[in-house]
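Below you'll find only one chain, the form predicted alone, shown as structure tokens.
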């Protein structure tokens, strides 16, 4: 029975009983009312109010839980659904809310998959153009500078040498950007080799020591899973360099009973009161695409730790 029906029947029963007592019984109300009559009316009113209050509190309790769920739900952190408890419309409302969450999570996952696929394709295109167009143009400039180096006057050779060095540094930087946009080593040599190259590159270009530890007996991973693991590690190391003010960072890839775990832990200043930015949101979206679980812990003085757990087959 619905909440409306129960409240209506309760009030109807009380009012019917009161009407029957007034019509058929010896109970009457004098003018002016006697003290005993007032006591009986007040007691009856108190019984009706207490019964209605108890019925409403019990009946609306599931709605309070639903309200809390609505205010705390996060599509990037899927959790257990609300139990469809209650009566009548309340149970149907909770079921409808759970169905809506399933649909929203599915639609967000589909949209995120398409967006990340387009993003990866665009990264590959930009990296290819940087390598083929800009890289070749700068290489041609270097060769031209080398040819004319012996024909310029002695006083201009120092400036020409400086231009050559600047051009060479720019070419190296463009190649490094292209590698970050499109990790060719991941496609050619696999995940562990790509992570080693990433750690070496971070250590070379930043004042940061990357301590790496990789299990060699990793299970076979899909190309999409390897790309997600690599991108999450890349984002974590980039955030560490930009924001953490850390001196050391641990990069661990290991096999656990639950699946394959990637852990990145630095000794920096932690997140503090800062909110999660686009980088962390992107990592959560990537984790959802492969059914993985991403957790982030941070405390002042103990740095930041990011864990990405890819469930083993059959445990997702």
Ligand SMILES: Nc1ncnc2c1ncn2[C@@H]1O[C@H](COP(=O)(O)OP(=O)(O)OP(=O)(O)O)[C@@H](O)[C@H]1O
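Keep in mind the model is a prediction, meaning the values are calculated, not measured. Residue numbers count along the first chain shown, from 1.
The form predicted in complex with the named molecule is left out here; the points below concern that form.
For the residues 278, 70, 42, 61, the 4.5 Å heavy atom test against the named molecule in the predicted complex is passed only by 278. The contact residue chosen from 81, 212, 124, 243 relative to the named molecule in the predicted complex is 243, the criterion being a non-hydrogen atom within 4.5 angstroms. Residue heavy atoms within 4.5 Å of the named molecule in the predicted complex occur in exactly one stretch of 262-270, 285-293, 61-69, 42-50, and that stretch is 262-270. Contact annotation for residue 235: at least one heavy atom lies within 4.5 Å of the named molecule in the predicted complex. In the predicted complex, at least one heavy atom of residue 274 sits within 4.5 Å of a heavy atom of the named molecule.
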